[in-house]
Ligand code: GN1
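Let's start with one chain on its own, the form predicted alone, as structure tokens.
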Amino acid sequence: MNISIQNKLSEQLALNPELTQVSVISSGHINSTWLLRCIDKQFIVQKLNIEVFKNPAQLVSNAKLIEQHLNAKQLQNNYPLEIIKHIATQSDERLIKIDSAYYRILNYISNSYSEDVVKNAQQSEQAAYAFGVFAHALQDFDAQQLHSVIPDFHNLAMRFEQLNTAITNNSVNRVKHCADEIEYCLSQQHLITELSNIAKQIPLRVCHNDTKINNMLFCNTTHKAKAVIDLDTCMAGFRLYDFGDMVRTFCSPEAEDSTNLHNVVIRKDIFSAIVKGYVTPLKSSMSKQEQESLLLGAKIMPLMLSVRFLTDYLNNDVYFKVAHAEHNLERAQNQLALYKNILSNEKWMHECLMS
């Protein structure tokens, strides 16, 4: 963040620009995030990626609706977690435009930390339980109030269409570097039909749609889950997506761009902890069909991310931030390794989920 933008944001908060400091804190793929400090005050500042979020006002509108609902639940003692809130500017705005870029300011949740890789089953259960509590608190919220900030975000059929288009265009001549991965992904399109069939039988819910471990804050002292963060992709969807993304991001001991593919496996104790944590607060509100659909989510999410990473690789890395030329290909290979390991453990995972 340059000093001019820092000063303008400080002024929006009625802070003395000369006393403010900023530091980068984000490890996310999409938005840029900073910590803004001024004496004893701290705020989170995000620059929204408008290539991804075409209408940032809709994103903020969604977040405000969810924030209001969770606030009401908290007042009724029905939501024990802290809540991410948009901070109003001097002119009572929640979205700030500076030089054609859009920023927002969020409350800073102190005495907390995040993780990029789950360390143990206890941490996994804590995070999964908090995501389950978040979902439970929103089960009486009309999901259709929310804007579709990224249309077709979890549309598996569309993701395969995008991959096929990228293969056909081959704009930077990368198909030859990932022919095996492409062939395998295309052989798994039967999941499109499975998803289409189950979607007719389960309810539409408010979904977080990005339940990675680093979208959970833990308390520095108790190490319990403290807050669900990054509500940018909260939209109408199915719980299988949130469960599947937890499995995708919690269960492997490796980060999603690790090249140690032999180590990209489902840790059974972690999976069991996810099931226990997530299902417990939702058990009374889920049919057997919806609970069984969670396993399909565990398969769909790593496969879909593989397809998305491959597509972005073939399109010359226009969506996800990359650190080097092969970064998206390595991510795709990582997620395919996890998907294959899930298939080899599918029977056990189903038994664990339904026990």
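This one's a predicted model, so the numbers in the text were calculated from it and none came from an experiment. Residue positions are given as counts along the sequence shown, with the first one as 1.
Keep in mind the form predicted in complex with the named molecule is missing from the figure; the text below concerns it.
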From the candidate stretches 46-54, 290-298, 64-72, 310-318, select the single one in contact with the named molecule in the model of the complex, where contact means a heavy atom within 4.5 Å. 46-54
Looking at the partner-bound form in the model of the complex, is Glu256 within 4.5 Å of the named molecule by any heavy atom? yes
State yes or no: in the model of the complex, is some non-hydrogen atom of Asp242 no more than 4.5 angstroms from a non-hydrogen atom of the named molecule? no
Classify Thr233 as contacting or not contacting the named molecule in the model of the complex by the rule of any non-hydrogen atom within 4.5 angstroms, answering yes or no. yes
Please run the contact check for Asn215 against the named molecule in the model of the complex: heavy atoms, 4.5 angstroms, yes or no? yes
Would you kindly say which of Tyr184, Tyr79, Phe153, Phe141 lies with a heavy atom within 4.5 Å of the named molecule in the model of the complex? Phe153
The one residue among Leu329, Leu36, Val60, Leu305 placing a heavy atom within 4.5 Å of the named molecule in the model of the complex is Leu305
In the model of the complex, residues of 268-282 near the named molecule [heavy atom within 4.5 Å]: none
